[in-house]
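Next comes just one chain, in structure tokens: the form predicted alone.
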């Protein structure tokens, strides 16, 4: 099933490639194709408004989209739908995104309606989304696009990371909902897994581009992949790509099993370090051409750098791993490692 699913998504990506000159612009034809395939609600049970499937299928599809630098809010929509399903809230149709805020103000307007206000920075695909799901402490709100103002911004890969201003916005359904216990932390963990899946795909594309370039670039009368030093770089690059893929898969399995705090943090550290090495080696193989606007390598490596630093830094995840290892102590450290 996964092979058929990823094959269909890869075919859609091939038919509707993202314009490298406008990476912040929604790839609407690809989004429609994904909708027709029926994967937009992947990872959410059908009885809750999703398309069925589990985290494993969702991670596999995100790997393909990451590999193709797809300019669509697939991860964000899937994450928002999952949050709403877990909270027992009807999932609206269309593109969704998620914002976490500690400053959402809820008030009752002069006509008795509920109004919410907050400034939400760096929201992925905030302008293209049709609804934003706001998690704020114990309060959850769903706000439609016509209820908030947008200031556009981008991450280093050119992906939208907009600031949304909700000023007396009327939430969907005229109400807010309570956040189930543990949902905010679970959202952070699920987001970590989704970003690692995207990173694994981007790393794979960086490897493919590097192998192809090295086979074509001629130096001293032969292709540069005939030189041992370049062969070593490509071999190291391939091994780090495998680390990215393994980290995403192991994190997905750990999250599906249950308590995954230690395993997820360890996977994030491994994936982030591997992503940095992949980007460095890919650019070394390509030489200066890889940094230019004209070359598509930047679409993969800038995403690796951007996604690596989202949802917590490497230092934060490494500190968590170290602290949990210390807390476990010599008598329980082995069990902690085995469970991860």
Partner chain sequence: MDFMNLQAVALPESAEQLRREVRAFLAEELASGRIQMRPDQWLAGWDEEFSKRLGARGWIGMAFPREYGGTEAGALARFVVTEELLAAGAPVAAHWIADRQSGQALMKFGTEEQRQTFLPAIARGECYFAIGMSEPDTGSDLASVRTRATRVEGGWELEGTKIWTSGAHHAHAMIALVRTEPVTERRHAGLSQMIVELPDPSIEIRPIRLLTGEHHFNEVVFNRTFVPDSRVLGQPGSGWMQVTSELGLERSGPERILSTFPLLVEAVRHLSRAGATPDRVRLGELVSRLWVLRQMSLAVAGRIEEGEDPAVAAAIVKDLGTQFEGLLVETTRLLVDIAPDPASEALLPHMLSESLIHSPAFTLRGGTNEILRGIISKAVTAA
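Since the structure is predicted, the reported quantities are computational estimates derived from the model, not experimental observations. Numbering follows the first chain given and starts at 1. The term rigid core refers to the maximal set of C-alpha atoms that superpose within 1.5 Å between the two forms.
The following text describes the form predicted together with the partner chain, which does not appear among the structures shown.
- Of the candidate stretches 133-141, 86-94, 109-117, 262-270, only 262-270 contains residues with a heavy atom within 4.5 Å of the partner chain in the model of the complex.
- Within 4.5 Å of any heavy atom of the partner chain in the model of the complex lies no heavy atom of residue 104.
- Although the partner is absent here, residue 162 sits far enough away that none of its heavy atoms falls within 4.5 Å of the partner chain in the model of the complex.
- Residue 157 falls outside the set of residues with a heavy atom inside 4.5 Å of the partner chain in the model of the complex.
- Interface membership of residue 235, defined by any non-hydrogen atom within 4.5 Å of the partner chain in the model of the complex, is confirmed.
- Although the partner is absent from the chain shown here, 242, 245 and 330 each have a heavy atom within 4.5 Å of the partner chain in the model of the complex.
- Of the listed positions (223, 151, 231, 175), a single one reaches within 4.5 angstroms of the partner chain by any non-hydrogen atom in the model of the complex, namely 231.
- Although the partner chain is not shown here, in the model of the complex the stretch 306-321 places heavy atoms of 315, 318, 319, 321 within 4.5 Å of it, in sequence order.
- Core-superposed comparison between the shown form and the other one: CA of residue 17 displaced by less than 2 Å.
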